[in-house]
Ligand SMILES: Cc1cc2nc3c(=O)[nH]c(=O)nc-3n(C[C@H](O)[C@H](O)[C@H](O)COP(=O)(O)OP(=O)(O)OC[C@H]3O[C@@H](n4cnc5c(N)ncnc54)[C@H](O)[C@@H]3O)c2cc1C
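Take a look at this one chain, the form predicted on its own, written out in C-alpha cells.
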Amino acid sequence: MDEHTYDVVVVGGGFAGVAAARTAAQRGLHVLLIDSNPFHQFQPLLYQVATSQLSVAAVARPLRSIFRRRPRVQLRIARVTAIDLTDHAVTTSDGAMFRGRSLVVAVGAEPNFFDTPGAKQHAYPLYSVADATALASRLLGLIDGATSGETAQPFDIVVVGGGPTGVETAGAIAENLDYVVSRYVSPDFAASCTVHLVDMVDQVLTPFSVPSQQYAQRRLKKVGVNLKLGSGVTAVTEHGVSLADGTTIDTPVVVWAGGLKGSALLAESGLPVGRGGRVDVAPDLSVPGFQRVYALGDAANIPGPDGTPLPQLGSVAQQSGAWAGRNVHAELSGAQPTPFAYRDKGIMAMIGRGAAVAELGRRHRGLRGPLAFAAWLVVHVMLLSGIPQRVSAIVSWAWDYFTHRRPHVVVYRPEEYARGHLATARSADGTG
C-alpha cells in the first residue's frame, strides 16, 4: 500500500473543499485534494442542465484548471473508501493511503429518499452532473417517444419537493412545455402534459417569507404547474407515485428534490453524525473529540449565531471552506482556531422566465419578479467558477430568453433516452 503525507488532506472537491484547499495553499501549506470526479460541479444550476438550458461545460469546471497556478495543491481523482480520523489518513479504492497533519472532510451529501418504497430505484435525484444528464436524456426520450406516432400521447411529470430545487425544476420543465415543445413539436400535446409539484408541507419554499411563498405559488400555477401540497409521497413505482391521501399520479418520470442527507462515508468513518446524517461540528468547524479534523459544507451541521445549524447553501460551504483553511493553518502554526462567522448573503430561487424570489442580505430584504430575476442572474454568474463557465451561461441564457429555444438539447445518456422513448412510444403508436 502506497502512503503519502501532506500538511492537510481535503476530501471532496465541492464548494467547501475547493475553498479550503485554495485558502490553505495560499498560506503556504501543502495540500492534497481528493475527489472521485475530475471536475468541480456547480450544483445550484444542475436543474438547468436537466432541462437543456445549460451545457455540462457551464456547470462543471476541471479541478486542474482551478488549481493550475497553485502548485502547493495536488489532486488525486479517486473514490475514498475509508477515513482514519486519529491518524488523519485516507484510503482510496485503488489501495493508496494518504496522510495529513490535518484532515478536512467535505464529502458533500447524497439524496435522502426517507426510506420511501421505490424512490431510490425509480426516481431521478438532482445532486450531481450524472443525475442531471440522466434526467435530461430521459425527458428528451419521453417527448420524442410520445410524439413519434400518428397521435401524440401526453404524459405527466412529477417533481417531489417544494424547496428551491423542486420549485426551479418544476418551473423549468413546465416552461419547456409551454415555450419550446408547444412551438416546435405540438401545442396540443404540450397543453395536455402536466407537471405536478408534490410536497408533504402545505407551502413551497419554506425558508422564504410568506409573500415570497405566495408569489412562487402564483407563478408556478401560471406556467401550468399543478401544486399537490400537504400530502407526502408514500411510494414510487416505474409508472407513478402514491400519496399519503390515497391518490396516485401516473407518470413515466419522477424527479426527486425531496432533500439531502450526509454521505454514508461520514458515519462509516466514526464521525459523530446528527441531524440529516451530517457531522455536528464545533463553532470553529472542528470535529469534537478529534484533533485537527474539520467537517464542512453539506457534510456538516454548522452552528449559526443562535446555535441552530446554518442552511445547506453554496455560500455557507464556500465561506466555511475558506475559514477552515485559515483555521488549519493557524492550528499547525501553534495558534488557536477561531469560531466561524457566517456572512449571510440571503437566499433566492428562480420561478421561471422573468420571475424569481430573492431575499437578500442579513435581513433578507425581499425582491420578487423581474428585479429578483435580474439579481438571480447576476449572483449566479458571479458564483460560477471560471470565465468560460460564465460566458457559456450568459450566452445560453440570452439565446433561450430571446429565441424561446433550448440551446443544449443533447442525449448525454443514450440508455436513459431509450428508456424514455420506449415508455411513451408504444402509447403514441397505440400499441401500449
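One rule holds for the numbers: they count along the sequence shown, beginning at 1. Model, not experiment: these values are computed from the prediction.
Heads up, the form predicted in complex with the named molecule isn't pictured, but that's what we're talking about next.
For the residues P337, G163, G314, P252, the 4.5 Å heavy atom test against the named molecule in the predicted bound form is passed only by G314. Interface residue remark: V107 is counted as part of the site for the named molecule in the predicted bound form, having a heavy atom within 4.5 Å. Although the partner is absent here, Q43 lies within 4.5 Å of the named molecule in the predicted bound form, judged by heavy atoms.
Contact annotation for Y127: at least one heavy atom lies within 4.5 Å of the named molecule in the predicted bound form. Taking the partner from the other structure, the named molecule in the predicted bound form has no heavy atom within 4.5 Å of any heavy atom of V56. The partner is not drawn, yet in the predicted bound form one stretch among 237-245, 155-163, 280-288, 294-302 has residues with heavy atoms inside 4.5 Å of the named molecule: 294-302. Contacts between stretch 231-255 and the named molecule, counted in the predicted bound form as any heavy atom lying within 4.5 Å, involve no residue at all.
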